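Before any questions on how it binds or moves, here is one chain, the form predicted alone, in structure tokens.
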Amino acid sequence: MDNVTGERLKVKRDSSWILDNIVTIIFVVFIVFGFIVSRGVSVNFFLNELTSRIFRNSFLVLSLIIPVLAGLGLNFGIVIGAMAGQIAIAIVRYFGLGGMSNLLLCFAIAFPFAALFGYFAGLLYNKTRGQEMIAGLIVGYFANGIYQFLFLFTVGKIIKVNPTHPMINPSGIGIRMTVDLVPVAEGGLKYALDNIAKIPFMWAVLIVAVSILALIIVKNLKSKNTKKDLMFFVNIALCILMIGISVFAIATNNSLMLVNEVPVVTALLIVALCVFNELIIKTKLGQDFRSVGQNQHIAEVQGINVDRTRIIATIMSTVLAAWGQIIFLQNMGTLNTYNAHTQIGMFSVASLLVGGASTSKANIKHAMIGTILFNAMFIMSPEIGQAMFGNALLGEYFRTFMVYGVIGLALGLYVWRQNKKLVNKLDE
């Protein structure tokens, strides 16, 4: 009887693990399938594309963690933060400013705009408790209308500008569809952050793998739990494997050393945000976030100002999203004035969900794994479309399907699991 019960519990745990990670598993299978059917995709091409996308997008995805912690769910409203970042870049470029010092000026200008937008969004979320994700979508669409009006009509009509400026439409009203951020060497913002310092890709892999291995060992030594699960040994093995591959590539100077160099400062900013997200949980504010996220009524009884805490979480997420958009655009090198921000919320939320997050649980591991897998899917989609159907455009359509499908599947599974838990409690 004990053996039968043990087997049932094991099967239940395995099935629960599969359900919890079904979206991640689907993406891993899709990427592996892409490599099998797409003969034209080399490892170097894949890694070149993937690394540039990871450093471009990670900051934006990480900006979603705090609202989840505070019980606000997936903050689709980071779109308004992206708009704040674009407003800052437009102001700086209009005055012809460039270089790293003026990229920092972009961060400084974006801060008050994003904080103000986040404050108003937080007020709205407090009025729409339980429907924050829908409210975030709507506020993004509403803010986009104001943004379009500002850049299409107000600039030049109400806000007087130089009609011959290269950023301004020939009519003298509105900003052009595309604004070139110009390389730093020519007095612009393009790669202002990325080009400060770079290291070879395999050296970066070696540093990251050694750092993660050291972190796992330190956590293990501090932990009082002597029993290790399977994932502990899997993580150790993966770190050792990556160290071995990187050391071999460096020693033999093979083709992997030709992969694009890693922007050190951009990577350090992403690491800094990861550390910030970890450390803030240990502060009084972080504990308030967690308490509010778990149960707002109990948090209020404990003396926590729930509304204020939720607004702070929204402001922080919006400001981080504004900075993330600035990092994104300096890497792209152009400002697509009216479209650059439109899909930021969807893509960032989808990336987080691909990593295994839900509306009530998200961490750094979810964000980074999701960013890697989601962007790998973007790279492989057109290749699969070309290999299977002779038309890369089908892969482009498939991307859109995957984005909305991931969000729908993840949210549907989350609601199903929550309902199942509720039924089990009632049966007990």
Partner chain sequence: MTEIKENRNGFKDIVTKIGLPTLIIAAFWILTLVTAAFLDMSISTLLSDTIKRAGMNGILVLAMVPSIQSGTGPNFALPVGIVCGLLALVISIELGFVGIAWLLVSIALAIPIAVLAGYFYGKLLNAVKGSEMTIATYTGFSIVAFMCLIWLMVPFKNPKMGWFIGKGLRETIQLDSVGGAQLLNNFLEFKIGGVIIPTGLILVFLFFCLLMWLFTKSKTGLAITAGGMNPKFSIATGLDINKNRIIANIVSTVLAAIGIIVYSQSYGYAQLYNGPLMMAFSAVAAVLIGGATASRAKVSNVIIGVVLFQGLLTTALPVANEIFVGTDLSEIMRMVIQNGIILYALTQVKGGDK
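Numbering follows the first chain given and starts at 1. Everything numeric here is computed off the predicted structure, so don't read it as measured data.
There is another form of the same protein, the form predicted together with its partner chain; it is not shown, and what comes next is about it.
Comment: its partner chain is not present in this chain, but in the model of the complex one of N235, Q296, N336, N260 has a heavy atom within 4.5 Å of it, namely Q296.
With its partner chain omitted here, the record of contacts in the model of the complex names 137-145 of 137-145, 176-184, 96-104, 195-203, defined by a heavy atom within 4.5 Å. The closest non-hydrogen atom of F76 lies within 4.5 Å of its partner chain in the model of the complex. Under a 4.5 angstroms non-hydrogen atom cutoff, its partner chain in the model of the complex has M133 among its neighbouring residues.
By the criterion of a heavy atom within 4.5 Å, I18 is excluded from the residues contacting its partner chain in the model of the complex. Although the partner is absent here, L393 lies within 4.5 Å of its partner chain in the model of the complex, judged by heavy atoms. Contacts of stretch 400-419 with its partner chain in the model of the complex, defined by any heavy atom lying within 4.5 Å, are made by T400, F401, Y404, G405, I407, G408, L411, G412, V415, W416, N419, listed in sequence order.
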